[in-house]
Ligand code: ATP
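A single chain comes next, written as structure tokens; it is the form predicted alone.
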């Protein structure tokens, strides 16, 4: 029997409303899948944890998470945390770095029945997570952003061969796996010519840092001859992505570029409410939707739980693939199929999707479909 221990960190604002729905769908899929058991543990984090303990990331949380297989992290509203308090930190970069969650996998996929700027989009942005411009995670000690004088601010961009190589490898492995899954399902990707990885850079300007990233990714590409490879400057890619996103499959990119481009991709298929994400390393996975904590609608039970649900499904599938556990993989497929059916057949849609369903009612509909698939 596959037993998985999953941490639950509800986060801020809409987090305590949407994260329980992700837990519900995981639990429902496990209930009807022989050979699969998921055990959940709650861990306080964010504003609620600060009020209770004086820490947004309470002492001992990282040690407890290390005892799990993965966890669901709700949105973090760190912009509202008290300033100048070293215990009121943004916890998720610390979690990513502590567990070396170097790959941020962000799909952008069209959903049947949802009006969007584009249809038939099915791409994934694979973003390096722990280097680049982000000053809160690109240094061993200190910060990558500093002010030598009151009139000057500097930011350091960190690109390493090691970091570039492993994010490229993650992208090529994903492209290979996606092609295998399409072949099994009898589906043809809109590009129609097999798996492809697109390398994003700005080598014309950042000759050394982007140059190192591209050269390393190309070295990795040589190990995957069945995967086609192309390159785009980040600015030309932004234009191509807006005009013809259907022509892309897997996109590998550095940290800051990836953060921006993944939001752009989400906007093409319906918005950040439809933007899931998964952070993975060698051992652990963290489900984390791309969107923010939406304080303007918190407490109203109208937030769309789609992104956090799909993020949790991605986590379960990743864990199952890692263990070669067909039960976990099948459970993840049931979750995905139920979520897309609920939206496509208009069984339940939250207001951002043009419906009237509450967050809870959307979760109810997904759980009912999962259970009926037994």
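Please read these numbers as outputs of a predicted model, since none were measured by experiment. Residue numbers count along the first chain shown, from 1.
Note that the form predicted together with the named molecule isn't included here; everything after this is about it.
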* To do: Name the stretch, out of 143 to 151, 162 to 170, 234 to 242, 289 to 297, where some heavy atom lies within 4.5 Å of the named molecule in the predicted complex.
  => 289 to 297
* Looking at the partner-bound form in the predicted complex, is residue 273 within 4.5 Å of the named molecule by any heavy atom? -> yes
* Asked: Is the gap between residue 304 and the named molecule in the predicted complex 4.5 Å or less for some heavy atom pair?
  -> yes
* **residue 9, heavy atom within 4.5 angstroms of the named molecule in the predicted complex** => no
* To do: May I ask you to state whether residue 361 is within 4.5 Å of the named molecule in the predicted complex, using heavy atom distances?
  => no
* Asked: Can you name the residues of 14 to 52 that have a non-hydrogen atom within 4.5 angstroms of the named molecule in the predicted complex?
  -> 14
